[in-house]
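Form predicted alone, single chain, as structure tokens, below.
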């Protein structure tokens, strides 16, 4: 007869099924544990090994994928537990998540208290919430359903749930774009300018969730971005800045979990957006932050009224948690730069930093405006003269030299690759370009393979206001496989409102 401990143990089997950040466990539906405990598919289980515990979703197996004495684990679950194939894990029922009662209260128009949000976010970060419970929380906070005190409390809770960085410099700068625009790869240029001016700017960025590229995807084409906390600190102390992936550092870890659910539901919450951005900046040790808010009908921020409201939230919440925040409301009607996709955006960045004649002027000037705003915030530049000072760092080559120094400190400086296959899309009529659907354009780039295929994406040559004739080149699709190129072309043929020409 087995004792309770051994009875609830199984051997790990590595089955190589990627479930992204969702912890999954695969067990035979007719194994002793499932039979005795009444576990069924999608049951949330507590799994322990090596002093670590995770919450995993059960996938009931009906085939011989695993034996009766084995449990398959997703790669992320194995990494979190620190186990290898053949190791022993313990499996138990998950106790009810008490903090979910506060989520139910919000559904019935109650306000979140600060300690309630602290408990909710701690449980989310530990993986205690199922996808259904996460969806309920995200939905309860959707739209403009969080008050200013709730947004501030949520921000504090998200900071406290993870690691935090600290720096010896009294002034630490950072920037963030709320997103929604293809291209718009200003961060590498801004970091290079600000660091060249002698300031500390440790930029940690995300990989793409739904866009053709995130800053980390673009930078990975040129250099290493998967640096640990100590490596990042060394790079910043030696160069003044960094351009690294933030996913390995557990800064505001609940944020990535909630963003993934928001994207899946196509739900946006102004309060969660503010908390998401500012929690990561506070956790990264920033003191001064500039927020870029592109406004456009197919951008994330749709109207100037929305932008004004978000601006107020950013300023007031920032002040409450000790951050100096300034906002830059920009044009979100069309892509910024020529490239859309990691390598193509990297080419734009290098072209601007090298001060090449053919460099995208919109990307150059927007980056200088954002960097200039930072320089004004910290009194390096006089009010209204920051952009001109920032442009000087591009034009005298100091920003490019700083960028190379940062990249080499991170481990490499590579030239971006070109995709093997290209397909030109030309205008079918003469006229003036009046509108661009950013979301559809981004989808064309993603179907072509971006960001998973780094060289895939779009070169875009059709800004609003440009006069075109029939046969003129509008954009060029890049792909690393014929199959992905075919997907992209098929989608392109199915839509009509990508570029409006009148």
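Residue numbers count along the first chain shown, from 1. Only the largest set of C-alpha atoms that superpose within 1.5 Å between the two forms is called the rigid core. Just so we're clear, the structure is a prediction, and the values are computed from it rather than from any experiment.
One more form of this protein should be noted, the form predicted in complex with another copy of the chain, which is absent from this view; the next part is about it.
* Options 330 to 338, 112 to 120, 261 to 269, 148 to 156; stretch whose heavy atom lies within 4.5 Å of another copy of the chain in the predicted bound form -> Every other range fails; the passing one is 261 to 269.
* Heavy atom of each of 60, 452 and 481 within 4.5 Å of another copy of the chain in the predicted bound form -> Yes, the whole trio is in contact, each within 4.5 Å by some heavy atom.
* Asked: Quick one: of 86, 411, 143, 322, which gets a non-hydrogen atom within 4.5 angstroms of another copy of the chain in the predicted bound form?
  -> Exactly one listed residue reaches within 4.5 Å, namely 143.
* Answer with one of 385, 104, 354, 304: the residue that has a non-hydrogen atom within 4.5 Å of another copy of the chain in the predicted bound form. => The residue in contact is 104.
* 4.5 Å heavy atom contact, residue 436 to another copy of the chain in the predicted bound form -> Because no heavy atom of residue 436 falls inside 4.5 Å of another copy of the chain in the predicted bound form, the answer is no.
* Asked: Do residue 167 and another copy of the chain share at least one heavy atom pair within 4.5 Å in the predicted bound form?
  -> Judged by the heavy-atom cut-off of 4.5 Å, residue 167 is well away from another copy of the chain in the predicted bound form.
* Evaluate residue 35 for contact with another copy of the chain in the predicted bound form, applying a 4.5 angstroms cut-off between non-hydrogen atoms, and reply yes or no. => Although another copy of the chain is absent here, residue 35 would touch it in the predicted bound form, with heavy atoms inside 4.5 Å.
* Would residue 139 count as touching another copy of the chain in the predicted bound form under a 4.5 Å heavy atom rule? -> The answer is yes: residue 139 has a heavy atom within 4.5 Å of another copy of the chain.
* Asked: After the core is matched up, is the C-alpha of residue 74 off by 2 Å or more between the shown form and the other one?
  -> Result for residue 74: yes, a 2 Å-plus shift.
* Examine residue 131 after superposing the rigid core and state whether its CA is displaced by 2 Å or more between the shown form and the other one. => Result for residue 131: yes, a 2 Å-plus shift.
* Asked: 2 Å or more on the CA of residue 489 between the shown form and the other one, with the rigid core superposed, yes or no?
  -> Superposed on the core, residue 489 moves its C-alpha less than 2 Å between the shown form and the other one.
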